[in-house]
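A single chain, nothing else alongside it, follows as structure tokens in the form predicted on its own.
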């Protein structure tokens, strides 16, 4: 029972980080109807940005601030170059465009860092809570994911700019008639979504070894969590990530880890079939 409890708790903590990654994906979809296939490579980029700042002597958790800033501006640049001109076109165009961005990131990353695994070596404390052993890295990653999510919620619902983002997401034409500069809002939204993806990648890098190809795994998990929570629903994406983590934690003591992805995608298909708008509703 202790093993099951420990596994479920581990799943809950990592599920919060999955949720943060999924929020970045679902925010971009919710605002501009773009499925960002560069999401996984951007997560991997966040891992390596953290690695570079750590190598320069900055503590991993202090490095989250410059990673977030770089992530935002990188997202704005990607939007202006690869998304802006095709956002009103057929969905296939945005898929191909963001996929091309993904291939460029992976190509440059492979040239710079190869596909060998890297890791962040820093001091980690261990705590024992009612027989459950947990590292400070997992706790901090989970708490950081929650804090960033609350920060996003406050931004979207309590600030003028956030309300403009929601207005553009609900009805772009009506927002423009009310004087909201939709193109600037779309660029900001893409920047925020990219920032969240990079932050999730940076947090994952404090927990596990990584390569430039590691983002692909977390991109798939982001899709599953987004669909579980309802595409376009940031709060649902966080809950979807928690559910995904709990599923992983619950089945890990009983089956080989290689079967976990199979179970996740069976659930993914079932949700698409029986709950097309997700468990918590679609776009909010």
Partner chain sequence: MKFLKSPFFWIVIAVSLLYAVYPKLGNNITLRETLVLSAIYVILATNLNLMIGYTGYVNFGSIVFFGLGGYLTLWLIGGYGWNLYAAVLFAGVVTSLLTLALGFGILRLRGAYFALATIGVNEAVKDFVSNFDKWGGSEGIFLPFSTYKSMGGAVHALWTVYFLIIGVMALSLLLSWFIKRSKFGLGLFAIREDEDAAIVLGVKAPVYKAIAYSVSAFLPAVAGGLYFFKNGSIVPEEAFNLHLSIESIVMVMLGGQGTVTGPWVGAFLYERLRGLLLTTPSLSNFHLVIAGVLLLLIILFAPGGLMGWLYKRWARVRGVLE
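Not measured: the values here are computed from a predicted model. Numbering follows the first chain given and starts at 1.
Quick note: we don't show the form predicted in complex with its partner chain, though the next part is all about it.
- A heavy atom within 4.5 Å of its partner chain in the predicted bound form is found for one listed residue only; from 147, 92, 174, 129, this is 92.
- Proximity to its partner chain in the predicted bound form, taken as a non-hydrogen atom within 4.5 angstroms, holds for one residue of 227, 68, 242, 31, which is 227.
- Proximity of residue 100 to its partner chain in the predicted bound form falls within the 4.5 Å heavy atom cutoff.
- In the predicted bound form, its partner chain sits within 4.5 Å of a heavy atom belonging to residue 106.
- Looking at residue 158, you'd find every heavy atom of it more than 4.5 angstroms from its partner chain in the predicted bound form.
- Contact check for residue 223: a non-hydrogen atom falls within 4.5 Å of its partner chain in the predicted bound form.
- Listed stretches are 46-54, 215-223, 234-242, 60-68; the contact stretch with its partner chain in the predicted bound form is 215-223, by a heavy atom cutoff of 4.5 Å.
- At a distance of at most 4.5 angstroms from its partner chain in the predicted bound form, none of the three residues 122, 137 and 280 contributes a non-hydrogen atom.
- Contacts to its partner chain in the predicted bound form (heavy atom within 4.5 Å) from stretch 58-93: 81, 82, 85, 86, 91, 92, 93.
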